[in-house]
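Shown here is one chain on its own, the form predicted on its own, set out as structure tokens.
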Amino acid sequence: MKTLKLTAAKAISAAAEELFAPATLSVEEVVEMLEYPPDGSMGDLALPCFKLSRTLRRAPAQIAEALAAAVKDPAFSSVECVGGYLNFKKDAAAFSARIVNTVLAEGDRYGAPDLGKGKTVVLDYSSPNVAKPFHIGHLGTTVIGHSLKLLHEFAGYKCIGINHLGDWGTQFGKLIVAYKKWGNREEIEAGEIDALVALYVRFHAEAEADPTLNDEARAAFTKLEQHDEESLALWRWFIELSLREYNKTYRMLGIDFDSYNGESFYTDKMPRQIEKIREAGLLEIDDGASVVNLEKWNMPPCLILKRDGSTLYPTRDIAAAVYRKETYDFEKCIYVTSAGQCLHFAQWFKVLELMGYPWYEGLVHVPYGTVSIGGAKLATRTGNVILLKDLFAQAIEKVGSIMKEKGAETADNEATAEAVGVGAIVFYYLSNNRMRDINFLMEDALSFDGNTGPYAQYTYARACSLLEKAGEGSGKSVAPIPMCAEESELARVLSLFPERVEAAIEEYEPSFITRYILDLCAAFNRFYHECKILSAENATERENRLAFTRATKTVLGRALSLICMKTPEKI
């Protein structure tokens, strides 16, 4: 439809130049004004002429009537004046043929906007805290972040994915104390991250009865900061065990990172930035702590140093942002974290601006809503979590059972079950606007009925099956012959993909793609059920419908890949 908009805008602009000179309407202005009518019977595009009344010194209905008589283009079967609107109806056969043939010609690049040539985007996402398991609360930052990376890559950006591991802080003091008191190496190696979590949970339970354990933990972290070799060796081991576990999840999701530099990487890079803040006259002492006063911007002070001189999250994030700009020269640096951190990002973004870094405008915080279980907040220390590995395992097992019941054999049943099971969880999460809070319900996430990931993947497999039966050389182009309503509607939905991609990038919203996938699946399945494809009445009609099928496979496959989902060709 983007192409149709541009065609209409050019025709309107040319007609306006003749009708209303010296007043003019640029093509860009008209594109912005064109709308999709709420009812298809009103047309495919509409130009509301009310805003033009003052500029062109005529009533809206007069403007629409004059344009209707002057605008001529073979892409449209009719151009009509209805009140103050100029309504366009496309030539369905010509439009459908053009869209499908464009998809087939451009292949996997269809819908890719030319936004990122020569530009670099850094994306900071996933970023779990070391020695804690991947649970459902981590799914948001991981799949939203990776989907945004895939979308930006699709748009031509060079993307740097950074897993900013939470590998520093007092939690390591707690874990070191817990390990020395209650753990042993053999048990930890056997149990891996689950054993570390058990120690962490036990520490908090024991500390409830004996608060002095917290003092021991602070002292243990101080030793770590002072580069005590025994403490550093344990710390490195905890990171190794954690990454071993995390990479299993990343493999299932098809995710890899360009950098795993966590908080600890920036410890030697913070002093330079602290000194720059001081030199800018921004640093103030407040009850012994060093802060930047942000009262003028209606924010509380941004803490830079604690009373004891130790650093905090804002200090590390400022140092990390400067390092990334100097290293990657990014156009944008995107941070995908929970909405609960909005104030934190607003504060240190403002501090960077006050420090005089002009590129602060390229920093983008992409927040998302919270996940709860039965209405209860997730908390590792109390054990109230659903581990992603357990959730994925249940979903994969359920898919495997369904495949077995239906006798659906594939070349690799295990790989297919994993692709569909993991895809079900990802699709469930990304079906929602990212700011929506989710009360996670296992039965909903693992449902395979209705508008779900398995439904989308099955639709893709259906298109693959049709093309396999038809033979490799079929469905390579469309002839502009009269088409049924289902073909016309499918072409319309295919034409919307470029716009949905641009909107998803502009709004940092992967759910635009998820909802588009459901629209495309619905349009294709209506086409599949209502139109004879392999048994079409003549060779031209059969070739056309196979071309529609091939175009759907291309666009649906690309759309699924943009939200971290795999595309098995047989289910």
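Each residue number is its position in the shown sequence, starting from 1. None of the values given here were measured: they were computed from a predicted structure.
Another form, the form predicted together with arginine (ARG), is not on view; read the next lines as being about it.
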Problem - Contact stretch among 206-214, 397-405, 343-351, 191-199 - heavy atom within 4.5 Å of arginine (ARG) in the model of the complex - result: 343-351
Handout entry: Contacting member of Y458, W297, Y313, W359, with respect to arginine (ARG) in the model of the complex [4.5 Å, heavy atom]
Key = Y313
Problem - Contact residue in the model of the complex, chosen from F76, Y335, Y429, Y246 - any heavy atom within 4.5 Å of arginine (ARG) - result: Y335
Practice task
Please state whether all three residues D124, N129 and H164 have a non-hydrogen atom within 4.5 angstroms of arginine (ARG) in the model of the complex.
Solution key: yes
Practice task
Find out whether any non-hydrogen atom of E487 is located within 4.5 angstroms of arginine (ARG) in the model of the complex, and reply yes or no.
Solution key: no
